[in-house]
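Next up is one chain by itself, shown in structure tokens, the form predicted alone.
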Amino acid sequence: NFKQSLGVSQMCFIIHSKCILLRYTQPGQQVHKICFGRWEEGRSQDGKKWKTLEHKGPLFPPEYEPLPQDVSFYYNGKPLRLSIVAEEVATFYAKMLDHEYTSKEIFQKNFFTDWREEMTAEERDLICEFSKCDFGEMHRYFVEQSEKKKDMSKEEKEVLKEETKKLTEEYGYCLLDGHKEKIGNFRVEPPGLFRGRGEHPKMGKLKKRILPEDIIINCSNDSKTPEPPKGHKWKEVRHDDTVTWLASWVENVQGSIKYIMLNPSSKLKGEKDWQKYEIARKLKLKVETIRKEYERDWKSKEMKKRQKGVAVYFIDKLALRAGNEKEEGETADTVGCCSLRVEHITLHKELDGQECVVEFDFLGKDSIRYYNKVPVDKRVFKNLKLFMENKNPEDDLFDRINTTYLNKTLNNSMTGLTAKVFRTYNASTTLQEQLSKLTSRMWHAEKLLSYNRANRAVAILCNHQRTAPKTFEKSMQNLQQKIELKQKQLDEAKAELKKAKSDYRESKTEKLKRLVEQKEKMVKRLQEQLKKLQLQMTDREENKVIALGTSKLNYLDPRISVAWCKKFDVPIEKIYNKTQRDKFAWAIDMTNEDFEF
């Protein structure tokens, strides 16, 4: 009836665990989509995220098991039996002994300071110098335990797998508005040593064990409240239906709040993602107006407006984070756009053949260094000189504005607009442009290389870096050996083909003709295999210090990637793994190859 009333030529239902999507085509090949079911179900306009929420609470890590009697910590060359609490903290360091972190002075200093606080008075009197501590025997014990775990029989591994599965079934799901939803991180992080990113000043500090008394539980009022472990009680039980977290606590190193949230594939997460990228797409229609607005601000008589105009320009053109104020010494000296200091930029009237160049050098999020030389508009350059006048290196560059003011003015320009939305818009736009530029009807492996290069352009824009993996050199050597072996096989195959062709010219039998065809196919197959290995090597080398995952999961509209896959016949599995496909199920279900951000 529906088809007849609308004159629909093609119509199909796509049934997914999170929604039912109806796609139909009207005359003129215009495609329409109606999404109903759980993505749209019960959407609240009053800020409420759910009606009922029930879960089992978080899963706590096991209690500490003391070391065997024959495994000791040594101090000044002598074995020393530590108290249980001190021993547990010592094992955190021993397990990391072969990691580069433990070679860093700040890591050693922070660890030793926090470790001494966990010792008994007698232990503190005795263990006074870190240089006299020997964790070698403890480290060897943990290496042996790790090797034993690797050497477990198939049956033993299956038992562990079943135990993990049972725990996931019990703690890994909740009931949200009557639907069974997967929980993302239902395990409380075990105690250990803080690592941080980059040269974090708090690396090596003790992350203390989280107890039920530290945890706030969130569930619906009429549901069964999760039972805390025996002998314990929760810090608080809340019934806040305006948030989506199930449990929260404050970690001790940086004082940040940790949450147990729904899995990215859940209805609420999917809806939130969808809305996030739709806001970024709306910016596409407004961005030119906003750019004209901040360009007008560069000439304002009010210094506050000038600073805002230049800051928004940096956020737009360089995808800088807005930056948040921090208490003195609270975390690493990381900054964003609004918290840039005079010492973080250098102005060059001319550099490398370009005019009005700004040289940035500062620590961004996660202590990742941001270093960039960028030619800017002459008015921006002139304003920066003005902002830096009569200031010391440690003074704020933008001393009249902060992130709250900046985001408020952005929201006035477009509802929902923040610095992060700008970042999402520019990242997604860059991916769309790069894919259009780099991809053609090429060989499959070349398409994937093009995709990674487009993704890499976004990661560079957003300053998503990583340290090269410890196994990088080894894996590259292995790949080089495979290439050399494949090249040898190809050379041999070419020689065999040459001989087969020579034999066929002398005696044109059907048998020799088939042999030539076989050898030609072999050469072609080996050439493709060699090319694939060479492309892999190029891809790995280019990705050595670039983190592609952050932008792919947080800043790039997944519909761009899905549409690209469909347009160029690339399996979606080559771009997104199983977890990522679950997270972006909404995009996979409703995107066709014609989608553009």
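The first residue of the sequence shown is number 1, and the count goes up from there. Between two forms, the rigid core is the largest collection of C-alphas that superpose within 1.5 Å. Bear in mind that the values here come from a model prediction, so they are computed numbers and not experimental data.
If you look for the form predicted in complex with the DNA, you will not find it shown, but the lines that follow are about it.
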| item | value |
| --- | --- |
| Answer option from S72, Q434, T244, T409, heavy atom within 4.5 Å of the DNA in the model of the complex | T244 |
| Interface residue in the model of the complex among A419, I215, C219, V458, criterion: non-hydrogen atom within 4.5 angstroms of the DNA | A419 |
| 4.5 Å heavy atom contact, A322 to the DNA in the model of the complex | yes |
| F194 within 4.5 Å of the DNA in the model of the complex, heavy atoms | yes |
| K48, heavy atom within 4.5 angstroms of the DNA in the model of the complex | no |
| R187, heavy atom within 4.5 angstroms of the DNA in the model of the complex | yes |
| Segment that reaches the DNA in the model of the complex - one of 279-287, 502-510, 130-138, 419-427, heavy atoms within 4.5 Å | 419-427 |
| Neighbours of the DNA in the model of the complex among 254-288 [non-hydrogen atom within 4.5 angstroms] | Q254, I257, K258, Y259, M261, K269, K272, K276 |
| Per-residue C-alpha change between the shown form and the other one, K349, threshold 2 Å, rigid core fit | no |
| Residue shift check between the shown form and the other one, rigid core fit, M152 Cα at least 2 Å | yes |
| Yes/no, I401 Cα shift of 2 Å or more between the shown form and the other one with rigid core fixed | no |
